[in-house]
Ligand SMILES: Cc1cc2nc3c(=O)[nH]c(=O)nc-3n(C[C@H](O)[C@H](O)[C@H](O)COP(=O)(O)OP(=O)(O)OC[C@H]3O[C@@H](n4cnc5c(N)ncnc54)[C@H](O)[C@@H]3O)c2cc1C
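Here you get one chain, nothing else, as structure tokens; it is the form predicted on its own.
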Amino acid sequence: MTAIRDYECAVKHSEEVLPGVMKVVFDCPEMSSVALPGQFVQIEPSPDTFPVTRRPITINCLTDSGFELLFDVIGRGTELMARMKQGDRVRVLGPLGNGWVVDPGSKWLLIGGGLGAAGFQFLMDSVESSRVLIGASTSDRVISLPASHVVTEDGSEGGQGLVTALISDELLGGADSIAVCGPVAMMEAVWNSIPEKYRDRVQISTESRMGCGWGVCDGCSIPMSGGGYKKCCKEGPVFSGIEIDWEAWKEAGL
């Protein structure tokens, strides 16, 4: 895992790209030189305002001099982050966690649910080739990615239906690795739709309620199929799909 540091980063750009979804670009060359696809950062929303805990956000992609984040505005912390403007200086802890296991020259199939596709651009920029399947409730939840196939539950963009309808033996068989990210119920449905012969190729990017972000508080543990737990922040967030106890994870509501 790359060395973790607490950076003071300058906000370079901030905008609402979808209803309630912000894109914030940070100027931080040191972070961009060490971050790997699938890792995340802990953002300090404000040094003087409650909540004092930082917010974990996946790195969506790297820029020439820093990195970009996409996030939902869903609580006090992200509301404060949405107010960030160009020139603001923000404390950022990272890069954190273990990301996607990327082999040189590998071909990828990426399957995302809504904002779960945040971070896929970084992965796509890091592999030889990739194909993308995206499912969302409405067009307002679809992240635009190159060469992606999209379905929405209401049919407002792409076809109408669930992302599992896009999965085929041809796509699975043509991929060396399969990346999945999104809501737990969506990821479980994707996992259940993948035949046994392809499951060892599947990597799952998990999310969990998180305090420290680097393995101290134990608040983000994910149940494992062999028994016990692993920490989303330190041993994840990316795990092999075979490792996860899907039923226990769903019941825990993490």
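Just so it is clear, the structure is predicted and the values come from calculations on it, not from any experiment. All residue numbers are counted from 1 along the displayed sequence.
Omitted here: the form predicted in complex with the named molecule. The next part is about that form.
- Across the proposed site, I57, I74 and S208 without exception bring a heavy atom within 4.5 Å of the named molecule in the predicted bound form.
- Partner proximity in the predicted bound form, defined as non-hydrogen atoms within 4.5 angstroms of the named molecule, places exactly one of 166-174, 101-109, 144-152, 115-123 at the interface: 115-123.
- Between the named molecule and the residues C61, M31, L70, I194, the one pair within 4.5 Å by heavy atoms in the predicted bound form involves L70.
- Taking the partner from elsewhere, F26 is found to have every heavy atom lying beyond 4.5 Å of the named molecule in the predicted bound form.
- The named molecule in the predicted bound form comes within 4.5 Å of no heavy atom belonging to S129.
- Among heavy atoms of T78, some come within 4.5 Å of the named molecule in the predicted bound form.
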